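As structure tokens, one chain now follows by itself in the form predicted on its own.
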């Protein structure tokens, strides 16, 4: 079965937790082999889990949440977002 990105995103937590059944795991792995966006989301999610596991506190740049949600909505709507990178504005 060929998965679209939005289907892979639904399984990222299960993929990282190792709870996917074998058929879904294989489909997700096949998708990740050729999809840079999903691979980046997987790496980012894995990094967030690593960073939050040690209970350190991080301060996000002003407006980060709004830019993140706008970017995710743009990615979900169609081809390659708005061209604005997350974290480029107001990172100080």
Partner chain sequence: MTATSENRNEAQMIASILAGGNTHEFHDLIQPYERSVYSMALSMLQNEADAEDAAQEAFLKAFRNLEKFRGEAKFSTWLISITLNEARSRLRRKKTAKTESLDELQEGGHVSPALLRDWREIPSEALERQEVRLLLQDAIGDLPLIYREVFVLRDMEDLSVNQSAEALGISVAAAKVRLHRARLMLQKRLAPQLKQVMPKRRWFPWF
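The structure displayed is predicted, hence computed values, not measured ones. Residue numbers count along the first chain shown, from 1. Superpose the two forms; the largest set of C-alphas matching within 1.5 Å is the rigid core.
The protein also exists as the form predicted together with the partner chain; that form is not presented, and the subsequent description refers to it.
Find out whether any non-hydrogen atom of residue 46 is located within 4.5 angstroms of the partner chain in the model of the complex, and reply yes or no. Answer yes; at least one heavy atom of residue 46 falls within 4.5 Å of the partner chain in the model of the complex.
In the model of the complex, does residue 31 come within 4.5 Å of the partner chain, counting heavy atoms only? Result no; residue 31 lies far from the partner chain in the model of the complex.
Are any of the heavy atoms in residue 76 no more than 4.5 Å from a heavy atom of the partner chain in the model of the complex? Contact check for residue 76: yes, within 4.5 Å of the partner chain in the model of the complex.
Partner contact for residue 25 in the model of the complex: the partner chain, 4.5 angstroms, heavy atom: Residue 25: no, not in contact with the partner chain in the model of the complex.
What residues in 26 to 61 sit within 4.5 Å of the partner chain in the model of the complex, counting heavy atoms only? If the 4.5 Å heavy-atom criterion is applied to the partner chain in the model of the complex, 26 to 61 yields 36, 37, 39, 40, 41, 43, 44, 45, 46, 47, 48, 49, 50, 51, 52, 53, 54, 55, 56, 57, 58, 59, 60, 61.
So, superposing on the core, is the move of residue 66 at the CA at least 2 angstroms between the shown form and the other one? Shift of 2 Å or more: yes.
Large Cα move at residue 34 between the shown form and the other one, threshold 2 Å, rigid core: The answer is no, as the C-alpha of residue 34 shifts between the shown form and the other one by less than 2 Å after core alignment.
For residue 55, is the CA shift between the shown form and the other one at least 2 Å following rigid-core superposition? Yes: residue 55 shifts by at least 2 Å between the shown form and the other one.
Direction of Cα pair change residue 53-residue 59 in the model of the complex, magnitude 3 angstroms or more: Compared with the shown chain, residue 53-residue 59 is closer in the model of the complex.
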